[in-house]
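Quick setup: one chain, the form predicted on its own, written in structure tokens, and binding and motion questions come after.
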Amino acid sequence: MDYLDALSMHASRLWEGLLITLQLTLISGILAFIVAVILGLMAGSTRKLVRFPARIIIEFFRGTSLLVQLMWLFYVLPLFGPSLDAMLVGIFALTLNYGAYGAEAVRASMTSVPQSQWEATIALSMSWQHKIRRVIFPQAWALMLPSLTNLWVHLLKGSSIVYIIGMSEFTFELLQLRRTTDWFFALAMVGLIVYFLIALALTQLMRLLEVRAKHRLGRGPSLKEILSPMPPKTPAADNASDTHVTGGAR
């Protein structure tokens, strides 16, 4: 009952912290994807003036700690002039850090598209924008989704350290709950379950996107077939049904 009383007392603050965590995860995840696509396309370019700046940005943000980036943006950057709100700092740091990791997934997926597809676009005299948008990226999209799913889950977990810049997100409120209960209840029970459920929801959402992307390429069932409670009919079953009806008519 002490645990339940403590949880009830901290419920409103935990909810507010959870909302901040969800905002950071969703906004930073969407922006990180945009950054990943831009940097990934630049890193895969054959032009050195385009490729080299992208490689520098990617390696810098992959090679430095997210914790250091948060501290630098919040405490060091104001010394040079601009001062950002804690929420903006959290979004910028998560976006740039995980966008750099996602850029490698985008670049690798683009290069994994069969060479024959690239050659076909050249034979059709497609412009670079046209062939990327209509031929190459739709195929790479299905390939990069599993990697982007993992990164989004990592981003969710990475958002738990933004409390060091004064944000009262979910982990911070869990630490406050720990003061009135104990480590096991606050982190191993409440925190573990809530973070797992959010990660599970993100994974399932991205899985549906992957199914849709593969179906549009003719490589799997549709979302309707996946979500349908009835198992899809196979061609063999349809043929057997037709044979049965024909035999009955005779």
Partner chain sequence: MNTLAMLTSTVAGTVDVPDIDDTTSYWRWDFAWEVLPEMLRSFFQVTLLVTVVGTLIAVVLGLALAILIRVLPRPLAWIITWIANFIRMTPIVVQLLVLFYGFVWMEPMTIALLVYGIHYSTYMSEVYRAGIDSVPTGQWEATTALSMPATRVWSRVIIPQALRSTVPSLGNYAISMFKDTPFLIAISVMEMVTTALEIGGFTYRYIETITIAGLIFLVASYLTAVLVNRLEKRLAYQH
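Positions refer to the first chain, counted from 1. Small disclaimer: the values here were computed from a predicted structure and weren't measured.
Omitted from view is the form predicted together with the partner chain, to which the following refers.
- The stretch in contact with the partner chain in the model of the complex, judged by heavy atoms within 4.5 Å, is 158-166, chosen from 158-166, 130-138, 82-90, 113-121.
- Within 4.5 Å of any heavy atom of the partner chain in the model of the complex lies no heavy atom of residue 217.
- The closest non-hydrogen atom of residue 51 lies beyond 4.5 Å of the partner chain in the model of the complex.
- Although the partner is absent here, residue 64 sits close enough that one of its heavy atoms falls within 4.5 Å of the partner chain in the model of the complex.
- Contact between residue 126 and the partner chain in the model of the complex is not found at the 4.5 Å heavy atom cutoff.
- This chain appears without its partner; in the model of the complex, the one residue of 205, 31, 223, 192 with a heavy atom within 4.5 Å of the partner chain is 192.
- For the partner-free chain shown, 59, 60, 62, 63, 64, 65, 66, 67, 68, 71, 72, 75, 76 of 54-76 come within 4.5 angstroms of the partner chain in the model of the complex, judged by any non-hydrogen atom.
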